[in-house]
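Read the single chain below, which is given as structure tokens and is the form predicted on its own.
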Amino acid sequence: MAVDAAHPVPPSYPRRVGMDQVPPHVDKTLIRQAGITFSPEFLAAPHKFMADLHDKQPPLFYDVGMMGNAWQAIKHADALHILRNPEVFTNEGATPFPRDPDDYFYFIPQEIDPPHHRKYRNIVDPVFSPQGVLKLEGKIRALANALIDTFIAKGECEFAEDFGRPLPVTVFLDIMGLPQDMRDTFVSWAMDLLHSNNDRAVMQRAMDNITTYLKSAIAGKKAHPDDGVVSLIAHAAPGGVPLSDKEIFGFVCFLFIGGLDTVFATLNNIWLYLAQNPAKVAEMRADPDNINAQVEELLRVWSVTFSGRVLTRDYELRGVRLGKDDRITCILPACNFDPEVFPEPREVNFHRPRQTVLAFTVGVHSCMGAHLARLEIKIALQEWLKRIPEFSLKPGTQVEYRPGGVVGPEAVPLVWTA
């Protein structure tokens, strides 16, 4: 739906929570309490849980729980249809983060559907395009090796803290033009917003901190422009019309939240898997020219996010009646385990026929940072395996996951022979 991002109004879509708020049109045989993102069963092995959905649940089901009621889509074809049809499945109001209704803003461009979506993407596309991110390749390789230098001689590291987080977050802050000495603070805000087990008070405090900081940072960039993306957005004038303060803030805020956790979680998942599967590491090292396919397959098996939408009208999908204002979530990791698209989906196969991997969604709202993320993962794998070709999970490690909408292990302690 077309919205006026310069004059944002809180959407009227209801947020339903609990069995007593299931709409009457929902087929009672499709109601579940699956515990996605927060149940002990999910947190014990999230990706196995999501792969198992194909054996345990219908292709579309209505999930009721503390995170909010919503339809859940687990089939690859359904996700493609939902994500490519914003006129039926809108992004307006689909983002779960709390906002002050008296100081409301849209997350731009995520909550802006066509026809206005493209004008915002055009502002930053030169930075995040394949050609734009390739300019960063040398810097990313140098950073990866500088990080490895700090721990390689020790024969061990806590991967998440020593490599998985600082690599993508450092690159991201440089791109945005934000201070590196605030990195840990920024990450703590993102963790509270994304992994608070839907504690609205914690999420609101995090959002308040982010809002206060970013408004100050934007004001600074307006007064003192630089080459970063925050400054680029602050001074943008698509079609000759400067962005409003609401548009600038919503755009910067969305990028800020999206850039601090997704690649970090993906790297943690991948390295945890590789540490437990040395034969796959050996296969990768023996076939370095296949690195792009290796990255894509690891993204398929270890994708970390979900993609929510809201129905703009009554609609039938796969013979199921969906109602106007219903919420629907594409469980992207589950879609990447769809056996109709990926035979033997739980197997990591670096020679699969090419299919669309839903790690970064598709359609007009596909992730702006997808090309950067793929490049970072590729370089991280190349440089790490060159210098630390054999490694394993530290004995006695109990892998733990936080509840939240970005799925990755809390810590990945690794050891190797120095």
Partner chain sequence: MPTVNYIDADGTRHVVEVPPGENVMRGALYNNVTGIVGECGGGLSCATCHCYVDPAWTGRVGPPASQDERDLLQAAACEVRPNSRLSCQIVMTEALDGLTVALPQTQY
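Positions refer to the first chain, counted from 1. These numbers were taken from a predicted model, which means no experiment stands behind them.
In what follows, reference is made to the form predicted together with its partner chain, a form of this protein that is not presented.
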(request) Using a 4.5 Å heavy atom cut-off, indicate which stretch of 369 to 377, 59 to 67, 382 to 390, 36 to 44 touches its partner chain in the model of the complex. (result) 369 to 377
(request) Could you work out which of 118, 205, 141, 324 is the residue within 4.5 angstroms of its partner chain in the model of the complex, going by heavy atoms? (result) 118
(message) Give me the residue from 122, 188, 145, 244 that has a heavy atom within 4.5 Å of its partner chain in the model of the complex.
(response) 122
(message) Under a 4.5 Å heavy atom criterion, is residue 131 part of the interface with its partner chain in the model of the complex?
(response) yes
(request) Spell out, yes or no, whether the shortest heavy atom distance between residue 53 and its partner chain in the model of the complex is within 4.5 Å. (result) no
(request) Look up in the model of the complex whether residue 354 has a non-hydrogen atom within 4.5 angstroms of its partner chain, and give yes or no. (result) yes
(request) With heavy atoms only and a cut-off of 4.5 Å, decide whether residue 296 touches its partner chain in the model of the complex. (result) yes
(message) Where, within 70 to 85, is there a heavy atom within 4.5 Å of its partner chain in the model of the complex? Residue list please.
(response) 84
